[in-house]
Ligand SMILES: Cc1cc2nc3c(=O)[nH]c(=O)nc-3n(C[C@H](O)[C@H](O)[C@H](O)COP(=O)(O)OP(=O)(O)OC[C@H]3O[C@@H](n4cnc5c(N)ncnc54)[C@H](O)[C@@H]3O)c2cc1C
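One chain is shown next in structure tokens, namely the form predicted alone.
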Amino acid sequence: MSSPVSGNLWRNWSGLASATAHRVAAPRSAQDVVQAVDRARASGLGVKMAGSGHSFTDIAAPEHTLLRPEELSGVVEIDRAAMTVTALAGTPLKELNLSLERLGLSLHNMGDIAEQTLAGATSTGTHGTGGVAAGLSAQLAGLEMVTGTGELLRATPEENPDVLDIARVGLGALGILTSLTFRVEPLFVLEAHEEPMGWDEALARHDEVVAAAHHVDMYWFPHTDRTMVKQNVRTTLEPGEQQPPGRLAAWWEDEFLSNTVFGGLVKALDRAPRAVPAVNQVTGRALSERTYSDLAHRVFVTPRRVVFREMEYAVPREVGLDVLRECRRVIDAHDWRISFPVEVRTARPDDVPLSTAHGRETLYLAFHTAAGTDHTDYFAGIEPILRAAGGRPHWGKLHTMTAADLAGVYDRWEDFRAMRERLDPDRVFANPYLRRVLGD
């Protein structure tokens, strides 16, 4: 993935958001960040630290000063007694995974993309599926950040615990993260079982499958009755005993078919959208079953080179499948042509105030279009269903909710706003996105 910054221009991965910074810098230390914040505050101008640009919104867009993250990268502390690892906030998740592998360690869970910086991934509530904790932020044991008053603040369960409580998903509104401490565990092996299922069977068995596997991810192909269900189960295999797909098979499935062929199909279908239902039918019938095992991060993460746009909402799990059924009913009733599958994941409740899984069993529903496809009618048609179910939008993905809307779905909303008032009273980190979702 290329850098989201070119000269003074910042652009996100999907190409939907961009901004021109008046000043760009690449801090090498937390003290450099302090100086940048002090300068911005004194001048009454804003400052933002960019990540990889993988959010689909303008959550990281700078209004004046843009800080680049690449010099704040790498693991800086390993505490095997506490089973924690501290890394600088600009470290890409994929690099942390490799560093942990070399140390014989692993995160508990993660999403299926690892291009994000640690700061960006945690600040927007990036999550995987299943496990004890789905979100990266719920795996945080500490953080360091520069607040809007220029204070370098350390937050742990013992030091500023109230800040750690709230800042784990901070939206970039409370401070600029400089380092993050994650709880880790010994490196482990997952067995992945990918199985095609019909729509009725997949929904009927969903709770059973989720109960039987540690991590479950389901994809439904619009305009068809076909799904693909992926179950990841922790094994007793030691690292080195796993049986990953052969190099050719992995290239064929994960690179050639999922990226090269799919990317070509998406471009062709953008020019001939009427063919989408027929192509989805063929694709759905061509899905095949496979089982393999590998180190956890290699199973969780897959290469994604086809650029897309995404909206994802977290809805209460007890109504989640009914919400999915209603979304399908609306899709079937419209003449939209949806070439990307709808993704379904789950999460246990966590205690992070602005986590989309805060305090409730959660079902995630994610809707995608190709980058070259106008997503607006599709997302606008589906979003009211998700909102009516008490849905919470992923902070880094497309949605239309405002502060007034969001206050009704987060019971600790005012706690977050109070922390923002304390840590960034002058709104040094504000931008249009944060004004919309947080208010003044």
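This structure is a prediction, so every number in the text was calculated from the model and none was measured. For every residue, the number given is its place in the sequence shown, counted from 1.
Separately, the form predicted in complex with this ligand exists; it is not shown, and the next lines address it.
Put simply, of 112, 101, 165, 185 only one has a heavy atom within 4.5 Å of this ligand in the predicted complex, and it is 112. The contact with this ligand in the predicted complex, taken as any heavy atom within 4.5 Å, belongs to 397 out of 375, 41, 387, 397. A residue is said to contact a partner when one of its heavy atoms sits within 4.5 Å of a partner heavy atom; residue 317 fails this definition for this ligand in the predicted complex, lying far away. Not displayed here, this ligand is approached by residue 120 to within 4.5 Å at the level of heavy atoms in the predicted complex. Interface residue remark: residue 346 is not counted as part of the site for this ligand in the predicted complex, having no heavy atom within 4.5 Å. Using a 4.5 angstroms limit between non-hydrogen atoms, residue 334 is distant from this ligand in the predicted complex.
None of 228-236, 156-164, 301-309, 74-82 except one has non-hydrogen atoms within 4.5 angstroms of this ligand in the predicted complex; the exception is 301-309. Contacts between stretch 51-80 and this ligand, counted in the predicted complex as any heavy atom lying within 4.5 Å, involve 51, 52, 53, 54, 55, 56, 59, 60, listed in sequence order.
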